[in-house]
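We begin with a single chain expressed as structure tokens, specifically the form predicted on its own.
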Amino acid sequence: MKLKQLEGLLGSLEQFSHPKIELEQYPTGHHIASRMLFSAENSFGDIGDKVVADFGCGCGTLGLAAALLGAEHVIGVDIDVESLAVASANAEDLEVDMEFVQCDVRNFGWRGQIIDTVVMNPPFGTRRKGADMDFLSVALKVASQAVYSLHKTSTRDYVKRTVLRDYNASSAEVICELRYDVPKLYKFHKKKEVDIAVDLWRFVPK
């Protein structure tokens, strides 16, 4: 599948109608999501014919991108039942299979197939400090092959130091720096849109 085709399909997905600020629910834009998964597959071969988990899947954008790129099986994990309902409807619309698990990622216990790759856009930790690192810690325990994750560029040194020292990672590489457009979703947002610099990381577990 071509990048433009993938981006177009992701752009048609339904997003949060009532996002929850306590969960830091922000949609992963189709521009970032398509490039994230396209790079994972075409540069590293981490998606096609693999078992892929989307942590904090929200409306399912990253997991559905994995399915469209030929993943063998995709599991979407999220604590929010309403988000999972939207993600399930999106999967039906795209006519792809995706399994959904409702739980807190920190308590994720999987006894199914070995998960090859985890993809995620975790909470940045603005509401609950360290939320993104909690996601990353679990992802590196679960994934057998690679973890792809978005983190604020301002945390780059901390993320790299922590995963290599404490989180069972053998390597941590920033694939590219992206502009994450945060739309005006909540009352406290003063601007129509805010750009945040984020890193797309590829982590390899030991």
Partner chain sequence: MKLLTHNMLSSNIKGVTNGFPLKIEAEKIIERPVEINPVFLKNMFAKLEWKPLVEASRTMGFSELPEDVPDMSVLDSDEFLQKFHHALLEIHLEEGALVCPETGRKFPVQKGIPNMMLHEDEV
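All figures in this text were calculated on a predicted structure; none of them were measured in a lab. Residue numbers count along the first chain shown, from 1. Take the two forms, find the largest set of C-alpha atoms that superpose within 1.5 Å, and that set is the rigid core.
Below, we turn to the form predicted in complex with the partner chain, even though it does not appear here.
For residue 49, a non-hydrogen atom is located within 4.5 Å of the partner chain in the predicted bound form, even though that partner is not displayed. Within 4.5 Å of some heavy atom of the partner chain in the predicted bound form lies at least one heavy atom of residue 84.
The shortest heavy atom separation between residue 75 and the partner chain in the predicted bound form is within 4.5 Å. The partner chain is not shown here, but in the predicted bound form it comes within 4.5 Å of a heavy atom of residue 115. In the predicted bound form, the residues of 96 to 124 lying within 4.5 Å of the partner chain by at least one heavy atom are, in order, 97, 99, 100, 101, 102, 103, 104, 107, 108, 109, 110, 111, 113, 114, 115, 116. After superposition on the rigid core, the Cα atom of residue 113 is displaced by 2 Å or more between this form and the one not shown. Relative to the shown form, the CA atoms of residue 137 and residue 113 are brought 3 Å or more closer together in the predicted bound form. Distance between the C-alpha atoms of residue 113 and residue 168: shorter by at least 3 Å in the predicted bound form than in the displayed form.
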